[in-house]
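Take a look at this single chain, the form predicted alone, given in structure tokens.
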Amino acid sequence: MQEVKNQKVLLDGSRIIIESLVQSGAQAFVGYPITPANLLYAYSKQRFPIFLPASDEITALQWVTGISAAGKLPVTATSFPGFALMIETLNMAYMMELPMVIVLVQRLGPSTGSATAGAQGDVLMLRSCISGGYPIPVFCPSNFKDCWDLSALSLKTANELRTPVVLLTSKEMVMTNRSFNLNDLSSISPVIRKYYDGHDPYKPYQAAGNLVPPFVSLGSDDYLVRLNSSTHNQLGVIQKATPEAMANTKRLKQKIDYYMFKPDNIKYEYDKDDGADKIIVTYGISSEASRTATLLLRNEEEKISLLVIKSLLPVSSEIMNIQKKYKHIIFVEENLTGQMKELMYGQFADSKIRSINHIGQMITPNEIVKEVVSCR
């Protein structure tokens, strides 16, 4: 892809995501092929310095965790059935504070559902996948340029916060070939993993002012390293409900909130229409239909604003405050229950909050137009 950077090319989102991660400094890919994430697996074999095919998804994330503990920045990719198997290890890596990126490609469920039908059905699962409701950073690309930018941001976030990060996408985004101008992609500087180099005795979970403890890889000749997935103190020694251990556990949420709610990390596209009292709210693969619907509505002199959310989790007050300005809020998402709407407003949302939902097929611009016009 680098050789033809000055040309328009026909490609899919998988290739953009993998290339971005490699150029950002990711060093290893471990995976088990699963539709619709199998192109990510195939391209990774061509691009990553280290590529390991695992026997199953449980093994894949265990290996990813070990590679991260050894000082590398690893990546894996899967879909819901594989991610479900990874959740125990994901919690382990979260508690150990080990950076990694998981590319999660949504497909129709429940269970194995249909591997060849897209969906946006994993948002609420991600909100609750860490026991105790602790937040995990989730970015969601809405187009090919986002695939590039948010993949790089995902790795940067994982590295800076010492945490797993999920890049949430969908079948259509990663498997559909489209014409794309590579000139639209910005240059990427690789992240550099920071190591502890102090003279004092090393405490693996003694956090600095940014709430993130300095890292030393396993096998160090200079420091004693403990990585612990149970409740532990700053030394990494198991403790139950001691003040130090509880403060260390609370810090896991605090560090993510502190970083993810910085202005530079709250990612969204806000197309404001002055005088509008209606706003379309969407994310991921439904964004293109929402953009088209916005143009169609404005051509008919309908006042309408558009909000495309790209940093999905944790939800920021900035994204909520934008919505508060509008009388009517219309969520567009490809699932049956309106997961993003429920995440933000609960199961019993106010009547001013509507949603357009589908399963097994994408939402069309005309369906969005019809719903918006009906808001009176």
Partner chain sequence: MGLGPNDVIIVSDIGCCGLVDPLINSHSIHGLHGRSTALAMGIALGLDNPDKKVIAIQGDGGATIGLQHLLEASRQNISMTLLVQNNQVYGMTGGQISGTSTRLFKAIKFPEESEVPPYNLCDIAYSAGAAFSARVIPRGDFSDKLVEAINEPGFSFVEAHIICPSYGYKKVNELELLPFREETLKTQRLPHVIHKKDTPSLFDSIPKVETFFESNLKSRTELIIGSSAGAGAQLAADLLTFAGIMCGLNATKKGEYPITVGTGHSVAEVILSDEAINFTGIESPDVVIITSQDGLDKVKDRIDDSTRVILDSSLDLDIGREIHHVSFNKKAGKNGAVLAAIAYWIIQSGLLPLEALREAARNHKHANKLIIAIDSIAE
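Just so we're clear, the structure is a prediction, and the values are computed from it rather than from any experiment. Residue numbers count along the first chain shown, from 1.
Beyond the structure shown, there is the form predicted in complex with its partner chain, which is absent from this document and is the topic of what follows.
Taking its partner chain in the predicted complex as the reference, which of A115, M125, I130, I266 has a non-hydrogen atom within 4.5 Å? Among A115, M125, I130, I266, a heavy atom within 4.5 Å of its partner chain in the predicted complex occurs only for A115.
Listed residue (E300, D274, D221, D200) with a non-hydrogen atom within 4.5 angstroms of its partner chain in the predicted complex: Answer to the contact question: D221.
If contact means a heavy atom within 4.5 Å, which one of 133 to 141, 253 to 261, 291 to 299, 274 to 282 is the stretch that engages its partner chain in the predicted complex? Looking at the partner contacts, the answer comes out as 291 to 299.
Please determine whether each residue of A84, Y94 and S305 possesses a non-hydrogen atom within 4.5 angstroms of its partner chain in the predicted complex. Negative, none of the three is within 4.5 Å.
Would A247 show up as a contact with its partner chain in the predicted complex if we use heavy atoms at 4.5 Å? No, A247 stays farther than 4.5 Å from its partner chain in the predicted complex.
According to a 4.5 angstroms non-hydrogen atom cut-off, is S179 in contact with its partner chain in the predicted complex? S179: yes, in contact with its partner chain in the predicted complex.
Check whether K325 has any heavy atom within 4.5 Å of a heavy atom of its partner chain in the predicted complex, and answer yes or no. No, K325 stays farther than 4.5 Å from its partner chain in the predicted complex.
L52 versus its partner chain, in the predicted complex: is there a non-hydrogen atom within 4.5 Å? The answer is yes: L52 has a heavy atom within 4.5 Å of its partner chain.
Heavy atom within 4.5 Å of its partner chain in the predicted complex: which residues of 54 to 81 qualify? Counting only heavy atoms within 4.5 Å of its partner chain in the predicted complex, the contacting residues of 54 to 81 are S55, D56, I58, T59, Q62, W63, T65, G66, I67, A69, A70, K72.
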